[in-house]
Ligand SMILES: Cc1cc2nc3c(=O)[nH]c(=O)nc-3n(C[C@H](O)[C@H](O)[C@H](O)COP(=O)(O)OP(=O)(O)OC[C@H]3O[C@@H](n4cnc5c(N)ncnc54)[C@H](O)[C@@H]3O)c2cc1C
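First, one chain by itself: the form predicted on its own, in structure tokens.
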């Protein structure tokens, strides 16, 4: 159920193994959060995810099917990766080459390059020691803990920082420059968490980008979903759009099928790519729900402005970050006060430099995102107006040009809208947050302990949200099904 990236990938894996797979999707097309948007004037946007790492997880799906990935899907490594704009006017380029990036930090921030390289090396070691266990296997099966990979993870435990936060780890690594601490703290947002609460274990995330690389797919992020749906259909997967599942049917502790408004379908296996909270609350109303899991604190959400901009800014790349002055206050606003800071950090994604058809000549397509709390009944129209003004002020100051008069087209996506389109509970982008050391173990497993034949994939269950982890959830589910 659900044609998000996790559901599509799971369908491909099961079809390769000979299963007949039907995908039910509430929306008019595939992709889930990974959709696309077109605005008047010739502007195209990737609607949701904008960063692409671990591309081999996509390639792997084509290879499993005996296909050449490049016949379906192509991408290039980004260099530079990100342009950073700090509140004090400092600009920093994150180059793909770690030594070049470290040299840039030394020149601009006066932090020794050796310290940067040492930090990235520790990030690499933590990732290498733990990824095989914590990201690529179920944490809820005893067999995982009998694997030799666990020994690597146990040996690395002292370096993982389970009892300190990301911010504390970064502050200790770079005591002389708050800007570099802020730069690495931002990686907590990759799974919707707070660096002042999230465990230092997450300091391995920078390795995904700085060590393994960030990539840009030809045609944009939506091309990932397009290419995988094409593969799935070639393998015989049936997609039924605008046919949401209304109930998962069960009998005697076993899944028996699903019910939609159109029909009742008999299935011995059901995989939910829907957020785990509405899966239980809406689709399994007679079944006991795992309340401890469902009540875990939610991740952050997003407020996104899609702007068609009548100008080209040579100083901007694909990924651009405009940092707030007070990062701690920003996260307190999101996670404690359940609101948006008056001075938010702004992320701007621009794809028209790599895909010219995404905007008219001389124009750019700006995907402008601010991290915000998930929906709990806030006054979103007021928050949108306040945040739009703050975003324009922050970006215009950094670029030395008033951006507001350049906006030719606009669309806004807020947490209630995200919840409505994607069934993400409260619009939380990553399910539960990772703001405590046990968060990974408290995520819902990829299978039901109560109902035989029921499985789960996608960003609200193990191992988490974002393109790579959703793809890994599909791999885990496939491995659990005989």
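Computed from a predicted model, the values in this text were never measured in an experiment. Positions refer to the first chain, counted from 1.
FYI, the form predicted together with the ligand isn't displayed, but the following is about it.
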94, 284, 225, 369 - the one with a heavy atom within 4.5 Å of the ligand in the predicted complex: 369
Three-residue site 85, 344 and 364 fully in contact with the ligand in the predicted complex at 4.5 Å by heavy atom: no
Options 240-248, 307-315, 112-120, 199-207; stretch whose heavy atom lies within 4.5 Å of the ligand in the predicted complex: 240-248
4.5 Å heavy atom contact, residue 421 to the ligand in the predicted complex: yes
Distance check, residue 447 to the ligand in the predicted complex, heavy atom within 4.5 Å: no
Non-hydrogen atom contact residue 14 with the ligand in the predicted complex at 4.5 angstroms: no
Any non-hydrogen atom of residue 430 within 4.5 angstroms of the ligand in the predicted complex: yes
Residues from 246-283 in contact with the ligand (non-hydrogen atom within 4.5 Å) in the predicted complex: 273, 274, 283
